[in-house]
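Here's a solo chain for you in structure tokens, the form predicted alone.
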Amino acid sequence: MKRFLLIALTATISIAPAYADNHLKQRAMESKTVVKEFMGQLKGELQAAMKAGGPGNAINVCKESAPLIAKNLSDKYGWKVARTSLKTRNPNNAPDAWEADVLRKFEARKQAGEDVKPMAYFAEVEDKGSKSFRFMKAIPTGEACLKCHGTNIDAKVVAKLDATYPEDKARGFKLGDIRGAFTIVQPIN
């Protein structure tokens, strides 16, 4: 009987890490789906705004629609869904310490030659006695992004950015740079 108990206990111990790893991967896949939903909604609204009135019109989408999309997804899934960056346009989107660390690691990964487009990171994190699953997906700077976030921005767009975002630091990006990241926090009960 002791031998059977020892074998059963050993099997339980070796299965636990595999379960935890699969559980985190499952949460990561769910997070990727939500990020894809966020990206799809935001991209659609940005493209429509650009078509209707150019880059100056798209500024309103980022200011008004993007936070609303994030809130709606947060409410829908019961998670915190947002965007952040090391160079924020809106100071309300500033990264917390964990997010800033991941964004710096993303930059190091990019410098080491990793493709930004699929770049993501996830971990189980404990903060003040509360556990959560955290996920971040890098946002690569695309051609359209450069019209408001690049180095050669039209003067009318600059004037609107200055009026809308007096603390704007989100300029000077080049094609393929890490513009920021989508960030998700899932509570773990």
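Bear in mind that the values here come from a model prediction, so they are computed numbers and not experimental data. One rule holds for the numbers: they count along the sequence shown, beginning at 1.
Missing here is the form predicted in complex with ligand HEC; even so, the following discussion is about that form.
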> Heavy atoms within 4.5 Å of ligand HEC in the predicted bound form: does K131 have any?
Replying inline: no
**Request:** Give a yes or no for P67: in the predicted bound form, does one of its heavy atoms lie within 4.5 Å of a heavy atom belonging to ligand HEC?
**Result:** yes
Check your understanding: At the 4.5 Å heavy atom threshold, is K156 in contact with ligand HEC in the predicted bound form?
Key -> no
Worksheet item: Closest heavy atom of C62 to ligand HEC in the predicted bound form, within 4.5 Å or not?
Response: yes
Assert contact_stretch over 98 to 106, 85 to 93, 111 to 119, 71 to 79 against ligand HEC in the predicted bound form, heavy atom within 4.5 Å, equals 85 to 93
Checked V125, A144, M29, A48 for heavy atoms within 4.5 Å of ligand HEC in the predicted bound form; positive is A144
